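One chain is shown next in structure tokens, namely the form predicted alone.
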């Protein structure tokens, strides 16, 4: 593929700073990165054929249909545009998606944008991760991604014999490397002792083992070879791509080795004609949201289930910046920050910078011909891999990225969202999930005090939770159900000091979560649950445990009917065999659904331009922002022109309009609130335009007679005492 006529190169990159809370709105972050990438590529938005936007699940930003919401800031207006996400794997899948667009010959170039604003989640964005777990079999346990990482880290340490101190070396390497990155959020000189002494969150995870919560955006421009050679002095090409997803049943495999990463890497190596990747790749950018995770992924990238080679490389110092296998020279998620989707694309940008000699203070001293980036996502199941190659080893002699400093990048950090105009939003979104026959049979088992599985007639796997198909046997129908022993062994575990929303439990409380391999099944088949009646320091991998059930009258057919597991006693029966049972027949009594609710609130900042809008409105003024490229005045004020994709100074380029000269463009009479409850009296919502400006403003119209409202009617915008659409009033 590297010799294909449709070879695809990276010709420009842009990014914001990665910060904990950004003053910029999500679209503003994206637009800033896009403007920089276009400038770096020597193109305008009019030169772009298509746009691909990568951003993780909507629950982070708290915006429904986030792809559509971000189309303006991504430069996708009236262009072929698509949004995709595979959790943390998104940022490396984004250029794969764009590569497909260009390599197919359909488009000459493609703009790739990845953005994440995680700070709107209240009380903490970690709460959004609760929603990725299975709503029926896992969410009721109040798991978060921190717990599953800790569980996997424990398994990784157990299988490969790592100590916590050895894993902490990765955090030290990445945070130090990030000192040279202008976008870095938490770059610092640190040491193993400092990592080890940082607050314990969920053993074995400590504060400095983990990447921070971040807001940020990254954009790159991909182009075919003809455009690449015309616009780029030192091109870097995508030579190999791979992406694989494993099943979401994460308790059905050994978490120590990421098969999905190994398979994705294998696809990329074959495409790039690499037979010995360790010798043919000069530097590595594995996904590192936790320190152990970089090594976990390196095992997959090196196709080594034994893990011996990666451990040798770590302990020998090979992963240092001046070592034989430089690891995350960018500083990675651990040092630069982790705005989920944007993190992976930051790593792709690092391949571009390093391969073209533009990495500045981070530039590797050895000659680099080829680099690899990888990202991971969702429930331990996504692997995305990209290999890039310098064009005959050429390097750029002059480029602004070499000298880029932190202050040169856009992105304004806030101490609190309350420092600028903001809106609190408490969504009341409820669901009721139908269980189906297999899950109903599984849950009815819990009501009866039994763990139930279903067995595939082809591969003979006993599957937990019970399901009506086998994902490994061509989705073959499964009809055999069994009551299983309620005993098993601990495969891995975590001792957690934090709740699902990252708040500390306090009072010395510890939640123990463990993956239990259930007796009567094959290796690694089990479920995750709580462990009690044991001193946390006595918990060990391989410990035998038994289920403790709630009293029969308290059981409702839920995963929580199994109250917890405890250590197995000598008096406990251990010779229980699987017993075949008849699946539950669905009828009006048994066909139940599982109720649920997204347990998150949000706090939206107004954005840079929104701050200007509300500050002026409080003084009775209406201002727009003027774009000198297209001679357009935008209302409400905006920090970028979506037509020209250039930044606009909402203060310096502000143009005052007459707030008394609005005209109704459209309106509706509202008789119900968002919950469908009748209002005390009808309200009129209006869309209002102003002469000399492009855009409209929505708000309420104060009127005694809604029947007299008409389009074209003149209205005046009133001074607002508070921020938010409910306080935009027209008369």
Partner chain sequence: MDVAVLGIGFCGSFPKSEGLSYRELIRRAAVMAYNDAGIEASQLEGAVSCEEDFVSGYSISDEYVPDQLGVQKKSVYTICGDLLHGLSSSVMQLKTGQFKLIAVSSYSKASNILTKNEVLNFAYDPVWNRFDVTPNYLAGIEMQQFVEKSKYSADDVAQVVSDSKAKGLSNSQAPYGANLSASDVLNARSVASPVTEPMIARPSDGAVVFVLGTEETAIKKARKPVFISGTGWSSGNSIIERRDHATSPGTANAAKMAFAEAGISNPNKDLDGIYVSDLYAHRCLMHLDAMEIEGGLNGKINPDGGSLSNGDLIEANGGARLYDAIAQLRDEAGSHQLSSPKRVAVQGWRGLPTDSCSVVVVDRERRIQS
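Only the largest set of C-alpha atoms that superpose within 1.5 Å between the two forms is called the rigid core. Positions refer to the first chain, counted from 1. Just so it is clear, the structure is predicted and the values come from calculations on it, not from any experiment.
Absent from the display: the form predicted together with the partner chain. The rest refers to it.
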Assert contact residue (the partner chain, in the predicted complex, non-hydrogen atom within 4.5 Å, options 133, 319, 283, 292) equals 133
Heavy atom within 4.5 Å of the partner chain in the predicted complex, from candidates 458, 82, 628, 416, belongs to 82
With heavy atoms only and a cut-off of 4.5 Å, decide whether residue 663 touches the partner chain in the predicted complex.
-> no
Is residue 97 a contact residue for the partner chain in the predicted complex, using a 4.5 Å heavy atom cut-off? yes
Worksheet item: Is residue 685 one of the residues lying within 4.5 Å of the partner chain in the predicted complex, judged by heavy atom distances?
Response: yes
Is it the case that residue 606, even though its partner is missing from this view, gets within 4.5 Å of the partner chain in the predicted complex, heavy atoms only? yes
- prompt: in the predicted complex, do 7, 257 and 483 all put a heavy atom within 4.5 Å of the partner chain?
  reply: no
For the partner chain in the predicted complex, the stretch among 331 to 339, 353 to 361, 133 to 141, 556 to 564 with residues bearing a heavy atom within 4.5 Å is 133 to 141
Residues in 455 to 478 that come within 4.5 Å of the partner chain in the predicted complex by at least one heavy atom, in order, are 468, 469, 471, 472, 474, 475, 476, 477
Tell me, please, whether between this form and the one not shown the C-alpha of residue 671 is shifted by 2 Å or more, with the rigid core used for superposition. yes
Open item on the list: Superposed on the rigid core, does the Cα of residue 47 end up 2 angstroms or more away between this form and the one not shown?
Closed with: no
So, does residue 692 move by 2 Å or more at the CA between this form and the one not shown, with the core held fixed? no
